[in-house]
Each structure stands twice: as C-alpha cells, then as structure tokens.
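Just one chain is shown here, as structure tokens, and it is the form predicted alone.
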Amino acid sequence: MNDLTPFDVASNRHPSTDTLTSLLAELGNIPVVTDPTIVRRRSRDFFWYSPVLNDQLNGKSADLIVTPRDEADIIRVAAACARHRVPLTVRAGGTGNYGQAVPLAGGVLLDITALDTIEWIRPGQIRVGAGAKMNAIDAATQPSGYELRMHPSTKRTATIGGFVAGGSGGIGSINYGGLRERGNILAARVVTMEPEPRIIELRGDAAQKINRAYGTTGIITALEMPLAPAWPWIDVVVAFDDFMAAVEFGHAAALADGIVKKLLAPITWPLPSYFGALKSCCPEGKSILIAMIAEPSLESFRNLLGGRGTITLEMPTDDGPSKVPLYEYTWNHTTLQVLKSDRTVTYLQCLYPHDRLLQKVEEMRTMFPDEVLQHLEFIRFNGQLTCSGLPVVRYSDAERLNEIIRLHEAHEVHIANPHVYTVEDGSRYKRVDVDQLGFKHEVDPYGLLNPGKMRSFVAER
C-alpha cells in the first residue's frame, strides 16, 4: 500500500486475507501463531470484571500473534504493519482489567514477553526490557538491597511494560504515589509505527507520554525505573469490630512516618469471607486491615495499634512459586477473590479528597451500606495522603451502575471508570493528556496502534 490512507477503526473491519498473507511473507522467520483458538484466548484480558465491558469486548480478537525475539524484530513487524495498514496491539502479561490489550479491529497481537533482558542495575535504578516480569525484576535487584518502588497485585504475572502502559499504581503507592508522579518512570525506549520505524528515547517527564496510554503512543521496548530499599516485609492482618475503626487505624499508620510500610488496605466485612486460604485469619463479621510492614517497624506498628484491633496474622511476605502472598488479597485482587465464587459483582475505582478523607469514606459507606462494599488502599496522590477506593459493587444493571458513579462524583469522590475501554473515558479527568495526544500523531500517523482506545485521536495521513 503506497497511499497515505489511515486505518479506519470505525469500520471495524479486520485486514483481508490477502493483506495478512502479504504481511506474513514480510515477517520471515519471526515466530507467528495463527491457530484461531490460541489467538482468541490470548486476545483477552480481565475485562470480564466488568459486565459492561464483557458485553462489548467478548469475542474481539486479533488475527494472528507475532512474538518478536528482540527489538530488531519489533522494528521489522512495525514497518510491515505500517506498510500494509494492519492494526497492531501490544500484549505482555494480559493482566489488565479494561480491555487495554484487546484488539478492537483484529490485526497483529504483538507479544513482547521475550524482551525480558536486564540491561543494567545501578544503586536505585534499573534498565530492563519491557517484557520482563516484575517478580523477576525484584528477584534480580533484591540481592543488592533494592526492589521496584511499586507493583500491581498481579506482580507474579505482570510485566514492567504492561504495568507502565496500562496501570497507575499499586503496592508501594503508600510511599511513592502513582506512576504519574515525577520520578517514577525515568526513561522509556519506543519504536514508532511507520514504514521506516524510528527509535525514540524518552527521558524524565517526557517518559509520561507512554504511561497508561494502552500502547497507543509507541511500542515500548525498554524502561528505566527507579528502585526502593528492599526491606524484609511482614504480612499482617488486623481484625476490627467496625470498618471505620479499620480505616481510622490505617490512616494513623499511614501518617506514622517512622513506621516503614508498603501496603495498608482496609476491607469491610463480608468481603473477607471470600478470601479462601486466608479465611482462618478473618473472624466472622469482622472488617480487616491488610498491611505489609518492614520487620524493624513491626513493634512500632503493634504499639500504635494498641487495643484497637486484633492481629490475626504475622508472617514474612513470600511470593515465590506455589505461595499466595497477602498482597494478592488487595488492590484488584480483592474483587477477583469475590468473583471466584460470585460472578454477579463488579467494582469501581475511586479517589477520595485528602482533606475530607474519613468524612467522605463514611458518607459513601452510609449511602450504599449493602450495595457498595468498601475496600480502600492508602496512597499518596499529588503529595498528599489519601485513599484509592476499589469497592465491590453488587451489580444490577448498567443504568444503576452509572447512577452509583454519578452519586460518588456528586459527593466529590472522583471515579476512574473501569467499565470503559478508552484512555479518555477511564481517566478521572475524562480526557487524554495533551502531550500523549500530540506524541501519538508523531509516532503513529496512520492510527494503527491499538486503534479505538484513544478516541480523541484522528489520523491526519
């Protein structure tokens, strides 16, 4: 194809068989999967957390999977897709919840998990391939006394590239905030989607152009990330008679700067009743606080608790093979634990105002006592301590879900909607960052990268 016609996602047409045949011929010996069953299975993520997205995205699939072995393969794939106007969606661990890696119009699913080489480790920094698993990164850095600043609850299967492209924060955000905070992404190397692809190195603030853009603003091949001191972490569960007591203690522990922590998650009853192997640590009718505390701070944590709650579990964090670390009951895993036995629920993503935090948590709890089951994660956001809420919602229909969202926002609790698949609609600000939109025009002029996920973008070529 020699004209400058952009790809039209609105047509929702997959590339023709002839186009795909020509594309495959150009890929040479780069590994490819065309088995429809495998392609369909790996074109999915965890969008089924949302009944709304499940209706919209179920059945969406790529036409083939391409598994590059290195950056040179990626350049070759990008060039061929640009020449033939074939859509390309980057996939790594596939642990997203909003269809970030689900192709809307077929084409190539680019599996980057082979790009897992650690280029170097320095004090407080690492440069690594985008396909490296986050638990493997920590295993490599911990012997020198460092670990990643933050990770999602899917750490054992998630990749660093997928986390940066589709995530926002997680375990560790109590100390460092989200990925959007300055200094939490040091640099990114990306390949452009053009007939003659370029390699662009984004450093400092410029690296935010690829953060939470769902792979629409370039193919990430390598990242430089900051590291934090690696402590011997202790998993702790504390039981409370009342959810607000768990929240108030979590708030006090979050403000206790001398207590080194990585996770503070208050969770209301009856959610702990769904926690499988952890149920023995979750007394009937009790709300809990799940925490990760540095071993030297454990005594101070106990002293702060006093008689406000009862510690039901203390054990070293272990996320090795065949283990279930405590963090896999927090963040998005809280909802997953419930979904394992009750597929009628869904969830929300909330951000509470830092200056009225406890007041607003109590308001939402009172407004939706049985319909929205509270689960909070203490975080830092724009330099302030607050909570991200990931409540489990008893779903009835989309109309009621939207009403619940509206009521939260009317009470100044912001929602990052997890029931939509575009970058803009899933943002708390309901828009895409101007730098990201402009960068997409520069690196993807035909609109081939994960088309349909950045609705503000209109191809100019």
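Everything quoted here is computed from the prediction, not taken from an experiment. One-based numbering along the sequence shown.
Omitted here: the form predicted together with a further copy of the same chain. The next part is about that form.
Residues within 4.5 angstroms of a further copy of the same chain in the model of the complex, judged by any non-hydrogen atom, belong to 289-297 and to none of the other stretches in 96-104, 133-141, 289-297, 272-280. For Arg182, a non-hydrogen atom is located within 4.5 Å of a further copy of the same chain in the model of the complex, even though that partner is not displayed. For Arg380, a non-hydrogen atom is located within 4.5 Å of a further copy of the same chain in the model of the complex, even though that partner is not displayed. The closest heavy atom approach of Ile259 to a further copy of the same chain in the model of the complex falls within 4.5 Å. Of the heavy atoms in Tyr146, some are within 4.5 Å of a further copy of the same chain in the model of the complex. Contact check for Tyr176, Arg203 and Gln384: all three have a heavy atom within 4.5 Å of a further copy of the same chain in the model of the complex. Think of it this way: in the model of the complex, a further copy of the same chain has a heavy atom of just one of Pro369, Pro232, Gly285, Gly320 within 4.5 Å, and the residue is Pro232. None of Leu339, Ala114, Ala79, Leu186 but one reaches within 4.5 angstroms of a further copy of the same chain in the model of the complex through a heavy atom, and that residue is Leu186.
In the model of the complex, the residues of 115-142 lying within 4.5 Å of a further copy of the same chain by at least one heavy atom are, in order, Pro123, Gly124, Gln125.
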